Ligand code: HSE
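Before any questions on how it binds or moves, here is one chain, the form predicted on its own, in structure tokens.
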């Protein structure tokens, strides 16, 4: 196996999972990006990080992009003796915008691009399967890899995905503090009332219609009863903002495991609480790709 010479850059979008009622299934790629650049060097490991995560992520074998790259190299058949990696990150860490999925997907596509004819050795579905295995669930990695609106699920051990086209305005409200996905998942009950599960199933189906053809249904379609309220104690300010905006008729959800709040609307950025940042975004239609 031979490696290409020179640098390769991969751009990967942020993603929002769940989208309210579509727990662990729906994902949406957003126009906020991490750019990762790598090249094969004779030996060693060199890592540079700018932007989000700078000063906080490991600069060694524990870096998530490096771990994903090496997992992909192993599937491809050989690891290079040395790597130089540069990350320019815009996706906030620990905020429910898919930063770990972006790192994993970016790393896998980087490794594939650094191998001569790598895309024939590791095709799109195989790369997606590896990303889902590394992430532990497929919802964020599906959106990050394929772009647009995605429905992700597991068929036995196989990660599956259905991509849909949507164009919708989005505003994300990012708080200054992070909440770990593990902590957020730990607040969920082992079971929920049948009526709540039934409501969510109907709302998730309606949400697909709302995002693809009936945006006037978004306020009803984004109602959730199986995860957001249970997590409110870990992110009370986020839940308060969610409720305020929904009362005003703005379709709003907690992005992923939180604490970022996402509204399907523009012109509401001024509602960001003090110390928060607001970003008006669009849907990324391309997904992760070599630049």
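None of these values were measured; they are calculated from a predicted model. Positions refer to the first chain, counted from 1.
If you look for the form predicted together with this ligand, you will not find it shown, but the lines that follow are about it.
Asker: State the residue from 84, 121, 137, 163 whose non-hydrogen atoms include one within 4.5 Å of this ligand in the model of the complex.
Answerer: None of the other options qualify; the answer is 137.
Asker: Choose one stretch from 218-226, 254-262, 50-58, 65-73: the one whose residues place a heavy atom within 4.5 angstroms of this ligand in the model of the complex.
Answerer: Contact criterion met by 254-262 only.
Asker: Consider residue 195 of the chain shown here, and say whether it contacts this ligand in the model of the complex, taking contact as heavy atoms within 4.5 Å.
Answerer: Looking in the model of the complex, residue contacts with this ligand do not include residue 195, since no heavy atom lies within 4.5 Å.
Asker: I'd like to know whether residue 12 contacts this ligand in the model of the complex, with contact meaning heavy atoms within 4.5 angstroms.
Answerer: Residue-level check for residue 12: no, no contact with this ligand.
Asker: Give a yes or no for residue 276: in the model of the complex, does one of its heavy atoms lie within 4.5 Å of a heavy atom belonging to this ligand?
Answerer: Answer no; every heavy atom of residue 276 is more than 4.5 Å from this ligand in the model of the complex.
Asker: Are any of the heavy atoms in residue 24 no more than 4.5 Å from a heavy atom of this ligand in the model of the complex?
Answerer: Yes, residue 24 is a contact residue.
Asker: For the stretch 182-200, return the residues whose heavy atoms include at least one within 4.5 Å of this ligand in the model of the complex, in the order they occur.
Answerer: Only a single residue, 185, comes within 4.5 Å of the partner.
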